[in-house]
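Before any questions on binding or motion, here is one chain by itself as structure tokens, the form predicted alone.
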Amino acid sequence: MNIVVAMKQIPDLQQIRISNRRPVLQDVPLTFGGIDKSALEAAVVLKESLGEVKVWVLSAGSEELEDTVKEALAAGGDEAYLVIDQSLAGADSSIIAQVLAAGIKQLNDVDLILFGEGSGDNYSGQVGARVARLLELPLVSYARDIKIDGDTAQVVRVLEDCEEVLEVKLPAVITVLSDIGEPRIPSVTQILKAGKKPKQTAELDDLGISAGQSNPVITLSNLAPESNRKRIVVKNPVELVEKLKSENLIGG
């Protein structure tokens, strides 16, 4: 069985500073999004339970992907397929979906394709569904549990007011929730071995796709919320409690 996990390279959200309400991205390292890492964990768990499974890491982006993908390979990915082109920076969901779908077609006998429910940056939640449509495969979204039995996947998906259990024939596309699995922390040995795992790279021309078809996503404004402090000085715990009560922040 071949499982493909699509992962998006984004700035490390834990290391972004705020200056004048704007995010400072200079010198912030790149990583894969948290939900994407959960999708990878789900694939690795399936591999551990089923045995004969190969986990592919699929990603499209800039040249930095060659370094970023090492963390995914260290966390359980077996091989990487990377589509590298600087023009993909800021590309919209439609062009990214075309690139990923074309990349999947280059791989043999793909049984399951996993996406995070949304990316860690713009969280559009569109790419998984678009890829399913392009490949003419069934789509199951918002999965928190996946079990494989032969050529069938049983999926528990979370809706607004209930959970739904369904079965889908493979191959299929599944988008997962972040709580499907806690991403594992690779050991030092796994990190060292990751650099030796096989990687395939391709350019847009290899896939017959032109970045000129894309409408780049342009961020017009990205401001942190204002924080208005009342700057009230209290001299002791009793005054603090009374003030909190007067503001209806605590009961009593």
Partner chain sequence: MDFALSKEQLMIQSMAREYAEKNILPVAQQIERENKIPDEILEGLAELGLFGIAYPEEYGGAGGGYEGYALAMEQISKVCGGVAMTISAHCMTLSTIMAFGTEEQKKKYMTPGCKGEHILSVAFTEPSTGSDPKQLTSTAVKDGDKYIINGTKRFISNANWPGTILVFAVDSETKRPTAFLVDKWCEGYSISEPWDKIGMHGGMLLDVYMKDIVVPAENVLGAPGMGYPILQLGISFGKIGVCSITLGAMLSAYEEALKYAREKMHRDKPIAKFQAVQLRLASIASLYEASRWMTYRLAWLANDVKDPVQFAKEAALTKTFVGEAVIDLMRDAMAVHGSYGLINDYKITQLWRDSIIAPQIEGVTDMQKVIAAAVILGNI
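Numbering follows the first chain given and starts at 1. Predicted model, so just to flag it, every value in this text is computed and none were measured.
Heads up, the form predicted in complex with its partner chain isn't pictured, but that's what we're talking about next.
Engineer: 100-108, 147-155, 84-92, 68-76: which one contacts its partner chain in the predicted bound form at 4.5 Å, heavy atom to heavy atom?
Structural biologist: Answer to the contact question: 68-76.
Engineer: Does its partner chain come within 4.5 Å of any heavy atom of Lys193 in the predicted bound form?
Structural biologist: Lys193: contacts its partner chain in the predicted bound form.
Engineer: State yes or no: in the predicted bound form, is some non-hydrogen atom of Gly34 no more than 4.5 angstroms from a non-hydrogen atom of its partner chain?
Structural biologist: No.
Engineer: Wondering, does Val28 line up within 4.5 Å of its partner chain in the predicted bound form on heavy atoms?
Structural biologist: Judged by the heavy-atom cut-off of 4.5 Å, Val28 is well away from its partner chain in the predicted bound form.
Engineer: When the contact criterion is heavy atoms within 4.5 Å, does Ser210 count as touching its partner chain in the predicted bound form?
Structural biologist: No, Ser210 stays farther than 4.5 Å from its partner chain in the predicted bound form.
Engineer: What are the residues of 142-169, in order along the chain, with a heavy atom within 4.5 Å of its partner chain in the predicted bound form?
Structural biologist: Residues within 4.5 Å: none.
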